[in-house]
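What follows is a single chain, given as structure tokens, in the form predicted alone.
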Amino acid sequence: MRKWNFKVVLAGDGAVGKTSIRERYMGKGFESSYLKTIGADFSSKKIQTDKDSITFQIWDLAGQESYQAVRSTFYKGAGAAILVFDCQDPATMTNLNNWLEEAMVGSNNGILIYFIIANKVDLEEGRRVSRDMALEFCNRLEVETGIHFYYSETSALTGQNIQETFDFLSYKLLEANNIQDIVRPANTEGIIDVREQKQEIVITEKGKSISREEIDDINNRIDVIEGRMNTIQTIIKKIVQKMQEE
């Protein structure tokens, strides 16, 4: 059996639910080691497939600004980063710009897989960041950085998408290590590949949002018009040639 050891960092502002996500995934009674002086909590979990034994080393980084100077060391050797924001607080989403930069610099661009998670989606009445808003943000980050992001919406209270996110993460990490004989997890409906999403939101110069389907429709119409113009030009060319022959 192949053995793998993957380091994963959980990053994001304080109180967005990083620790709750980790605890929900680890299950009750798990052991962790909190390094109070540097603001990081470490725990591990082993999972097994038919051919692979995978150990996740999960580093939950403190979100307080006072720990910023020492956090960079924890990104070294990480294979994946999970960037978490609170869907009730838009500022925690926009602050992911800083967390992403910190992860890129701290890992020396060595992180293979990036997830962006909208947490606390069970609190629907207080939600201020919609799915479309979050995906728009992810798209902009991808354009600016060239990084391939995956997105999911979770609830540490109900467990929504937490197991699925880590199952998909293990699959992508094996894939990134050129392992061919792996099976994609069955339940990945809640995982969005930002690069491949069909409903990408595009912002026009006037600030109006239009969907990718609308853009495709416009492009199709342009193709039809161009085809007609080419036909007209061909007809005119033939008429001119005929007149010249006469």
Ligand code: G3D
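Residue positions are given as counts along the sequence shown, with the first one as 1. What you see is a predicted model; the values in this text were computed from it and never measured.
FYI, the form predicted together with the named molecule isn't displayed, but the following is about it.
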| property | result |
| --- | --- |
| In the model of the complex, segment of 127-135, 155-163, 98-106, 140-148 with a heavy atom within 4.5 Å of the named molecule | 155-163 |
| 49, 55 and 167 all contacting the named molecule in the model of the complex, non-hydrogen atom within 4.5 Å | no |
| Any non-hydrogen atom of residue 92 within 4.5 angstroms of the named molecule in the model of the complex | no |
| Contact flag, residue 229 vs the named molecule in the model of the complex, heavy atom cut 4.5 Å | no |
| 4.5 angstroms heavy atom contact with the named molecule in the model of the complex for residue 71 | no |
| 4.5 Å heavy atom contact, residue 176 and the named molecule in the model of the complex | no |
| Sequence-ordered residues of 79-103 touching the named molecule in the model of the complex, heavy atom within 4.5 Å | none |
